[in-house]
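Consider the single chain below, provided in structure tokens and representing the form predicted alone.
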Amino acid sequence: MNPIYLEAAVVVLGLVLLMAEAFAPKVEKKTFAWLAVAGLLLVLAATFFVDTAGLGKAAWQRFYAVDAAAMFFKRFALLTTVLVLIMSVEYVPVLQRYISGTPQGGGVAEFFCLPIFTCAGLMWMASAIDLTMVFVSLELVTISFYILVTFTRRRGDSLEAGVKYLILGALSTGFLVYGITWTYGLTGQTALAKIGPALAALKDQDTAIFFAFLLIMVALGFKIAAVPFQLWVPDVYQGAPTPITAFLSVGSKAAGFIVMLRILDVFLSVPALVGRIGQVLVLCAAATLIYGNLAALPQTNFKRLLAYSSIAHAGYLLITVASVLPQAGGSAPVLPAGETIAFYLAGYLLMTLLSFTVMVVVANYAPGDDIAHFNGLHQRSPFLAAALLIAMASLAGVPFTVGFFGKFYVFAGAVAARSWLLAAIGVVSVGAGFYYYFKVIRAMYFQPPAPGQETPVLLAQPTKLVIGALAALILLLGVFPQPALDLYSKGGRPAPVAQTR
């Protein structure tokens, strides 16, 4: 199977479902969600039958990579979208409060279709090896999110979140376009494979090259929620519909990091810039870790807590990015940077989506997202409380969970690269994480239910299966991490651009 058909199939699926919804208004809206899930699962299965023979002769190969990283993140995007759609089905009662008063729920089907186009953009970003392709795929993702963040348009905080995301997103896009333009002006190229040698051949242009790098990093810093480009995160995460918050937290971050690794590899081809790039990455990683963890400590709203937690986890991933730079006396890391980031993001996918899925279910029985609404959850639903306990423990990095191994590989890479400052800040940040994650556990197991919220929490069978599977995978990969690593390392042929150092 030609790999470029994967994205084509996803786009066609989204268009077909949108058209079907328009001409079949009486069909139950949840049907479109299950059709989308089935279609995306078929595309996910097809990724394991991709034919890479003769790809080097394809005209589109200049823009599109089919390497291990690309295939891993395509599957990552597909699986994330499937889980978000299942979560969205559970979220329909909340959604209908704000977009329609009818039982059928006008607009609900679009809520199931738009994430499909977001998924296509994420998949294209995973394969993008040309700055033009990066920009186009990034805009497809961002424009879809502009709509989804404000989908519950009768809520003031949702509109506020949408306006903030639109303004800051447009600003970050401006930085990206300016960075691409500056790079093209220096090299006359947009293909990453050609930009590296062209930059290395330039004489006395180090400042101009570094400026182009900074412009592009500003745009990517917005996507991964790195300091100082994270100011949109808390309000947007709290105001957006909960499934979209989960999608933003996981999907956008994954795509941002794979693009960052590809672009970083290009600019590191200029030896004179390695030191300055290293200083920027170390400073950004340290600031992101400190801000994310300190800001999460006083939070009483669960979505805002996970928002600041998302910033903190971006900091852990930036430790790995900073650790790819050569250090005097440094040794080889336990895992290459690409594998470390892929494993960490795989674990983060499981932990975050499990947390948000439980939140969506509980929100049907509570008036908000405060941690106090989880009081006594173990009495109302022992299954949900146990699942959220596993998610919180893994996010904190407790042994025998996937979160522990993720942080272990990050810190091992930092130690191997002799990034002692980042390793020290990371260890202290883990301690802070234990405090704010275990506030949720304390509410579930050591606080009585709020008056009027003693009702048992009921689960639909598909949601129960998804929650059980996510919790089981968190524990399984916390003992046997190799399957996730194999999925990355055996994802495809080598990339046509230089591999990350």
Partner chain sequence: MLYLLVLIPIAGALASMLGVKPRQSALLASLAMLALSAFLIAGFAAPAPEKFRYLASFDVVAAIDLKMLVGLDGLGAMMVLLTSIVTVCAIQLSPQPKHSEGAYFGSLMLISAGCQGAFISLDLFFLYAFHELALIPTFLLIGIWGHGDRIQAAWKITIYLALGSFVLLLGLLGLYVSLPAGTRTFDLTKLYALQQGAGGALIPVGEQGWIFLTLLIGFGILISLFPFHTWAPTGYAAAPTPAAMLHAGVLKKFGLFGLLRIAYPLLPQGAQAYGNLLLWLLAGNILYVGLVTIAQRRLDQMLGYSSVMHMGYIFLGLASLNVIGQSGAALLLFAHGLSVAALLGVMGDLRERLGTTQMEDLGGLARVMPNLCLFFGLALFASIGLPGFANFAAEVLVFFGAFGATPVNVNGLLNFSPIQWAVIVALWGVVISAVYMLRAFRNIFFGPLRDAHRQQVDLAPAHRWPFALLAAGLLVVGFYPKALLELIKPGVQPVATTKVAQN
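Please read all numbers here as calculations on a predicted model, not as lab measurements. Positions refer to the first chain, counted from 1.
The same protein has a further form, the form predicted together with the partner chain, not shown here; the description that follows concerns it.
S.K.: Find out whether any non-hydrogen atom of residue 404 is located within 4.5 angstroms of the partner chain in the model of the complex, and reply yes or no.
M.R.: The answer is yes: residue 404 has a heavy atom within 4.5 Å of the partner chain.
S.K.: With the partner left out here, check for me: in the model of the complex, does some heavy atom of residue 418 sit within 4.5 Å of the partner chain?
M.R.: Result yes; residue 418 sits at the interface with the partner chain in the model of the complex.
S.K.: Would residue 15 sit within 4.5 Å of the partner chain in the model of the complex, counting heavy atoms only?
M.R.: Although the partner chain is absent here, residue 15 would stay clear of it in the model of the complex, with no heavy atoms inside 4.5 Å.
S.K.: May I ask you to check whether residue 408 falls inside a 4.5 Å heavy atom distance of the partner chain in the model of the complex?
M.R.: Yes, contact at 4.5 Å.
S.K.: Since exactly one of 441, 27, 450, 469 fits, which has a heavy atom within 4.5 Å of the partner chain in the model of the complex?
M.R.: Contact check passes for 441.
S.K.: Give me the residue from 389, 114, 180, 277 that has a heavy atom within 4.5 Å of the partner chain in the model of the complex.
M.R.: By the 4.5 Å criterion, the partner-contacting residue is 389.
S.K.: If the criterion is a non-hydrogen atom within 4.5 angstroms, does every one of 36, 47 and 135 touch the partner chain in the model of the complex?
M.R.: So, no: the whole triplet misses the partner chain.
S.K.: Counting any heavy atom within 4.5 Å as contact, can you tell me which stretch out of 203 to 211, 345 to 353, 142 to 150, 426 to 434 lines the partner chain in the model of the complex?
M.R.: Result for this chain: 426 to 434.
S.K.: Just to make sure I understand: among 366 to 404, which residues lie within 4.5 Å of the partner chain in the model of the complex, judging by heavy atoms?
M.R.: Result: 378, 389, 393, 397, 398, 399, 400, 404.
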